[in-house]
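Quick heads-up: it's one chain on its own, the form predicted on its own, in structure tokens.
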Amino acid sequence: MANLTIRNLSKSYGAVRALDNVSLTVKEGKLAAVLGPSGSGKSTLVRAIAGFVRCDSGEILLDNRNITHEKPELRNTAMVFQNYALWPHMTIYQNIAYGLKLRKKSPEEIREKVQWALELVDLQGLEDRYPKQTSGGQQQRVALARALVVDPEILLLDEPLSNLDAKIRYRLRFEIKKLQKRLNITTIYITHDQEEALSIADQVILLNNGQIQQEDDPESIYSSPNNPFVAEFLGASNVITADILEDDQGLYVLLGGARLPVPRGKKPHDKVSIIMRADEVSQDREALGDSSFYTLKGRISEQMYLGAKRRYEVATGEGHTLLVDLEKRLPTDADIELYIHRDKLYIY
């Protein structure tokens, strides 16, 4: 296993800057989820680590070994692709053994390692089947076994569950997490699914337009976003543009009748972004205890049933619309009073 260090990595495709001076560190045995929208640079980053993309500048290091210009087969990394890339004319056994044969391992060693890998991903008894004779979840496990059987220093997963249905995807994400911890293998996990990233990662790296917007542990990056993009991307968020107002008491922003503070350096009539997550608003004032909170008032205009909760659209007196997730069933057109911790409402 190894520490992964990336320093000032950049890659352009014509006028498009896929990676823009990216630097990060993933410690040995940790699972880092690289998250972001389509076109953010996620796949370019993981393919650069694997050696399939040659970057314009920067360095990639495994521990103290610079692998920036090494060929893919010399890097001792292993990659699981989105479509699994299994050989259709090979059996499960042959697919898993393929990398070992390329490394010229003995037949006995190949048999031992393939058997170990089959047991690791719970595919014993399926080794003589072909990929088309297995389910999508089983194919994903074959691809994972093929990657792990060569004892890589870094495991690279490029949206490995995106082709599976929701129920299988939910189950396999935890199987991957348990397997990764059992093997203590440094792992880069590419995904566009924020729930997936937050649920399995030790470290979340959020990319947009080729740049790291924030890098932190899952709880910190969710609860303390450092810019509007992070706050909006992680969670069902309200993003409201409001004007800065001024009276005898100074500058303020108005939302749901609540007077909100203004970031430093702003002037009257400037605009700010107010961001609040739908699931961090409450109807229960007492549940907030003695903490400082804002009181927001409005009227329910629409609602949607989500199972355990309902999502309400709440129209405020200033003409804004808030999305709010609540357990209680309320009538449309009802007036409502909502409460939110001051540190859960972000103003940029």
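Quick caveat, the model's predicted, so the values are computed rather than measured. Throughout, we count residues from 1 along the sequence that is shown.
What comes next is about the form predicted together with a small molecule, which is not displayed.
*Asks:* Which residue among Q303, S43, T316, T68 has a heavy atom within 4.5 angstroms of the small molecule in the predicted bound form?
*Replies:* That would be S43.
*Asks:* Considering the small molecule in the predicted bound form, find the one stretch among 319-327, 55-63, 35-43, 280-288 with heavy atoms no farther than 4.5 Å from it.
*Replies:* In the other structure, the partner sits against 35-43.
*Asks:* Heavy atom to heavy atom, is V16 within 4.5 Å of the small molecule in the predicted bound form?
*Replies:* V16: contacts the small molecule in the predicted bound form.
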